[in-house]
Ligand code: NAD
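Shown here is one chain on its own, the form predicted alone, set out as structure tokens.
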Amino acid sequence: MIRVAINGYGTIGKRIADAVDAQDDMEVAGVTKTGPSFGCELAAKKGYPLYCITDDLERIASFSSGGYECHGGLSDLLASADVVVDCAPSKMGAANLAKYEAAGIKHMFQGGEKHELTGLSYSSSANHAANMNADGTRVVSCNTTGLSRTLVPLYKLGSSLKVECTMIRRAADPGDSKKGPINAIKPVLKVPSHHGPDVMTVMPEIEINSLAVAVPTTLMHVHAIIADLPSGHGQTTESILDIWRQTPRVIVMHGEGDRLTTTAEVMEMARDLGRKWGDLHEIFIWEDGVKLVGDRLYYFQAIHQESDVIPENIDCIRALMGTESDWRASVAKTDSAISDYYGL
């Protein structure tokens, strides 16, 4: 049984904790919070041991004054686990990495940290094998995960793939009131944006550039993608759609016919399916927005930024621990367990 520590029990951390709890080869060793809050109440109800995000004795004592049992500081949690999933706010990575290395524990960061922090990044379909038995890695961001899921199968059609992508990004998560824009469209003036080059950290063979704009919504990201397939690929629009239909964690649906023409309707579908938190782990592709013209493929896809990386973290744990070398087998196990956990 793999004992998993989760350092940071917020938007991503709480979802990863439940995904770990769903697996029959893993258990939650504990989760961390900065101090007493509603998140502590949620962890307690789930039965997850609660720890402080630091070893500061005064901070640790503050939990009991708030009515919560705290089992100690971060060092205590790391000593009781096999691997730690870092879900702390971005820019804390370097300091946390030093703590993990000092504790001699395997470690995983999220896409908010840079690839250079660990020198290794993870996406299940792209480079699961490269992460086997590694000491540490970074699960790529929600956008990079979405791009990898749909582009890697296209790359495997031949020996080359050139991609231009425009990211229409949500401004903030639904629970985040601190970010904007509120009544504006904000272009990311760094060209290319980091999203495309980030794909190359897990699949360097894909030649990709990206632009990004932030828009005032909290629901999802949308990608507008142009991909140049290698000549002689022998594909049609329908055969490309069939490839994606057979790709794990990808959903292909007809926008007009299924009345799913906007991200709001896609998220409503996830809620109607009974998904916890209304999550959509899969990448959503609008079937009627896909068109192959010669060697050039055009398509749109939508990314639920709070959840598509959650199952990736579970597969990454197995890679680091060396317990499953076949990425498809791990994906099937992860997804089945999560589905059973929520009675879906």
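Being a predicted model, the structure only gives us computed values, none of them experimental. Each residue number is its position in the shown sequence, starting from 1.
Note that the form predicted in complex with the named molecule isn't included here; everything after this is about it.
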Quiz prompt | Of Ser160, Thr262, Thr237, Ser90, the one that lies within 4.5 Å of the named molecule in the predicted bound form (heavy atoms) | solution = Ser90
Exercise. Decide whether Asn96 counts as a contact residue for the named molecule in the predicted bound form under a heavy atom distance cut-off of 4.5 Å.
Key: yes
Quiz item: Can any non-hydrogen atom of Ile53 be found within 4.5 angstroms of the named molecule in the predicted bound form?
Solution: yes
Self-check item: Residue contact check: Arg318 to the named molecule in the predicted bound form, 4.5 Å heavy atom
Solution: no
Quiz prompt | Contact test in the predicted bound form: Ser62 vs the named molecule, heavy atoms, 4.5 Å | solution = no
Quiz item: Heavy atoms within 4.5 Å of the named molecule in the predicted bound form: which of the stretches 166-174, 209-217, 249-257, 226-234 has them?
Solution: 166-174
Quiz prompt | in the predicted bound form, residues of 21-54 near the named molecule [heavy atom within 4.5 Å] | solution = Thr32, Lys33, Thr34, Ile53
